[in-house]
Structure formats: C-alpha cells, structure tokens
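Encoded as structure tokens, the following chain is the form predicted on its own, with no partner shown.
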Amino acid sequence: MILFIDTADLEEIKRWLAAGVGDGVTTNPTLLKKAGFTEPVPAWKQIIGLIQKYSGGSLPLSVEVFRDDPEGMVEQATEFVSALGYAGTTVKIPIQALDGSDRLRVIKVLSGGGIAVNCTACMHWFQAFAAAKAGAKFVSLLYCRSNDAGLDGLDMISRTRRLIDLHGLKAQIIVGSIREAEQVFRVYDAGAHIITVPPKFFPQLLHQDKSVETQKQFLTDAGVVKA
C-alpha cells in the first residue's frame, strides 16, 4: 500500500514524512488555501525541502494548474516544473474543463514532453482509463465524490484497475476524497495503487486500545508504571 500525504500543512507533512509513513505528497489549490498559502511555488518549494530532508530522495509531489484553457494549462505546467526544478514534480491536470470538454490532449502533450501528469477529478472509470491511455502517470479517482455523483466509487476503482492491468498501461491509480479512516482499506482492496490520506486519519488508523493496554501491562510488570 502506497500512501500520499494529502495536505499542504508543513507541520503535518514534516510529522508523517519523519515517521516514514508518507510515500509522497499531494496538493491542490484548496489545500494550499487552507494552509494559508497565497503563492503556490514558494509553498511547493518548502514542501520539497521537507521531502528531501526527511526522505532523502525525490518522492512524488503533485502540484495543480489553475488555468482552464488547454494552452494555458500546458504553459503553466511547464512553468511550474521549470520553477521547481524537482525530479518528483507531478502536474495535476483535471480530466474536464469548466465547459465540460476533456483535457486528454493536454495530458498527451505534457506526458509526451517528459512531464509527469496526474489526471485529477476523475469520477468514472472511463475518464481514468482514457487519461491512462493518453499518457498520464497517475489517474486520480475521487472516491467519495464519485459516490456523491450517484456512482459506485469502489466499482469505478476496480473497473479502472482491471482495464489498466488488462491493457498493460503504466498509469497508477491514486484514490482521493477519503472522508473516513476505514475507507483507506476499502479503496485499497478495490484496486487502488495509491491512497491520498488526509493527515487527521493517520492517528485513527494507528490507534488500537488493546495496544495501549498491552504497553501499560508491560510497563507495570517492569515496575515503571504503578499498578
């Protein structure tokens, strides 16, 4: 199971990278805004600094364009990659624009130019499959948002995984829009390669009352804690 930290909060990123849990970081304009950032590039550079310090490598960092037109997306994606100068940079391109038109050509142009693309905002298996065929390195299916749209989010993941495996595509499925800790296991079992986890769920996933009870017994028997 590969886990990406889904936040732009520097303290949370530091905490979970230092713990060795995070295999990458995903951001979007909403997460940057929540973390108090008004300029994306300086924010991403700080995150890159944390990745390099605590992982010793070039873990993936997803950065998202905030243009809607095809030419603007390509231009901005290229600018971001150049400004960051970081091998792990992956550019998020939404599967559809505001007018409903697809952005497969943008994905193809960028990936063809050597820029890693994370196609985001996919709700349906065919959106993700088409993005994978266009050359996306990652395809992001938004689990709870798919359910909100009246789709079966788990079925969307499993269908996408079957098609990617069947056709030998290189794309990996990232599943986001996790709203409960238990959903991490559900989407992994459905076929996700990677899950983006909001930091608030890591403590919930790690906690078990019996583990605390057992430690208390051990320390009591060692005379460290009074019975």
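Predicted model, so just to flag it, every value in this text is computed and none were measured. So that there is no doubt, residue numbering starts at 1 and follows the sequence shown.
This next part talks about the form predicted in complex with a small molecule, which is not shown.
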Quiz item: Does any heavy atom of A35 come within 4.5 Å of a heavy atom of the small molecule in the model of the complex?
Solution: no
Quiz item: So in the model of the complex, does any heavy atom of L154 sit within 4.5 Å of the small molecule?
Solution: no
Quiz prompt | 4.5 Å heavy atom contact, H167 and the small molecule in the model of the complex | solution = no
Exercise. Give a yes/no on whether K108 approaches the small molecule to within 4.5 Å in the model of the complex, heavy atoms considered.
Key: no
Exercise. Could you tell me which stretch in 66-74, 154-162, 47-55, 26-34 has residues with non-hydrogen atoms within 4.5 Å of the small molecule in the model of the complex?
Key: 26-34
Quiz item: Given that the small molecule is left out here, which of L142, I95, A132, I115 has a heavy atom within 4.5 Å of it in the model of the complex?
Solution: L142
